[in-house]
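First, one chain by itself: the form predicted on its own, in structure tokens.
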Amino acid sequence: MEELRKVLNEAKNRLIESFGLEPDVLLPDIRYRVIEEIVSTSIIREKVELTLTDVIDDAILNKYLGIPVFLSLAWMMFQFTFSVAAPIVDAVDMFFSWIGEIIGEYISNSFLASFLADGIVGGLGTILVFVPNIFFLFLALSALEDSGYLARVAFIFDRLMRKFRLSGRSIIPHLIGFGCNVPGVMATRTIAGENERILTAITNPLISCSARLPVYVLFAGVFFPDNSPTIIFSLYMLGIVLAFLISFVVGRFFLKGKPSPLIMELPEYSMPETRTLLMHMWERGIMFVKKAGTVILAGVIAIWALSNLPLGVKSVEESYLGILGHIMEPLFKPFGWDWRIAVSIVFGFVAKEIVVGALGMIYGVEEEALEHVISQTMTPLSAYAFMTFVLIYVPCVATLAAIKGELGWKWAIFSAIYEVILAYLVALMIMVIGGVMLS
């Protein structure tokens, strides 16, 4: 038996050396070639002209050009998202500032005025000001999806992902995770291999969902105004790279096995219809707005209460929120964050969007003034470390619940723990390496 296993391994290695493919992928390819040869000798057909899909696929599915083309399209998507949304963001910001001023002018009760202006309008306004960016991001993703390109991304990444214990099938849940990690985790049900499904689910929270976007837009706009789309693009790419690395480590030491081969039929390219694109954008974007009206609103009210209790406090620093922030501050001192920045990340466990709302209420300012305040308290390096921390650290409650539902408590707890540790280590590396490079 041992001798037979040795012979099989040698044969497998020779196949990989000769063809550059695993036998699981190579054998179906050979099978279809044989079928094509049999059909060609049995059926007489007219000469088939190359279609536009064939011509485009020759470039897009090329093993050397495929990934660079994907990265270029992703970068252009972020350029489009932030360039087009910028004037609308300014208009929304002015609207919420105006509402806050009206409340302060016509409501004499200071406690009620603070609750409405700072808690409701200020907290939600600081988050909803980024809704245009999110809508335009969904519009760009819908265009790539309806054109038929996203289906090909699975093939483009399959060869690379197999080196990290995944297959091209895993890229689809990860792409869904760009919108929201919850359906991304649930989409892993379509993956046949158990180990591959687990690895895809526990790494999906590393994919930047739309909830992180308000944090990225705020900090990138303040500290990297000339290159904010590129900075945000780098965060999305960092999430993908970390997902691959964690998959490799966990797959190598805890979930040994090989990913299943990828065989799927690709659709024809088509021109997306404007009505369909707008409908997809609205359906996905309105989910964010509804979330802001429920979960985020509850979180914003909780932050306002913690920043104003116990009754009679003269400043946020003396409140329960300030006490918690000062407890956390020493832990994040290596990152150059004060207690306000440190405590804001606590509320990201409920929903990542709340981080921005928390900062607005802690500093007691609107979105435009918030930009000025954080520019005085952080450096570009510490701001980038903060964005990476928000990218990586503990998934939101809904995502953890989805992982628990798909894989059980063990993997949900594992995801929460490893992401907090990874976030701290990566942010610390950024501060150390960045400090050395800038010195």
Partner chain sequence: MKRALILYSILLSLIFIFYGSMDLLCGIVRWFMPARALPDLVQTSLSFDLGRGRVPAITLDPGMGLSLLVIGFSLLYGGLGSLKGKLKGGESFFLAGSILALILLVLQVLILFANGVETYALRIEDFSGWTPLEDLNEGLVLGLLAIPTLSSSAKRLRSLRKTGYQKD
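Owing to the predicted nature of the structure, the values given are computational and were not obtained by experimental measurement. Residue numbers count along the first chain shown, from 1.
The form predicted together with its partner chain exists for this protein as well; it is not shown, and the discussion that follows is about that form.
- prompt: Can you pick the one in 315, 276, 72, 190 that has a heavy atom within 4.5 Å of its partner chain in the predicted complex?
  reply: Among 315, 276, 72, 190, a heavy atom within 4.5 Å of its partner chain in the predicted complex occurs only for 72.
message: Counting any non-hydrogen atom inside 4.5 Å, which residue from 267, 330, 310, 87 sits next to its partner chain in the predicted complex?
response: So the residue touching its partner chain in the predicted complex, by this definition, is 87.
Stretch in contact in the predicted complex with its partner chain, which is absent here, among 60 to 68, 385 to 393, 35 to 43, 406 to 414 (heavy atoms within 4.5 Å): Selected stretch: 60 to 68.
- request: For the three residues 286, 373 and 375, verify that every one has a non-hydrogen atom within 4.5 Å of its partner chain in the predicted complex; reply yes or no.
  value: No residue of the spot touches its partner chain in the predicted complex.
- prompt: Applying a 4.5 Å heavy atom distance criterion, does residue 80 contact its partner chain in the predicted complex?
  reply: Result yes; residue 80 sits at the interface with its partner chain in the predicted complex.
message: Taking any heavy atom pair closer than or equal to 4.5 Å as contact, tell me whether residue 56 reaches its partner chain in the predicted complex.
response: Residue 56 belongs to the contact set for its partner chain.
query: Does any heavy atom of residue 432 come within 4.5 Å of a heavy atom of its partner chain in the predicted complex?
result: Close contact is absent here: in the predicted complex, residue 432 is far from its partner chain, nothing within 4.5 Å, heavy atoms only.
query: Would residue 50 count as touching its partner chain in the predicted complex under a 4.5 Å heavy atom rule?
result: Residue 50: yes, in contact with its partner chain in the predicted complex.
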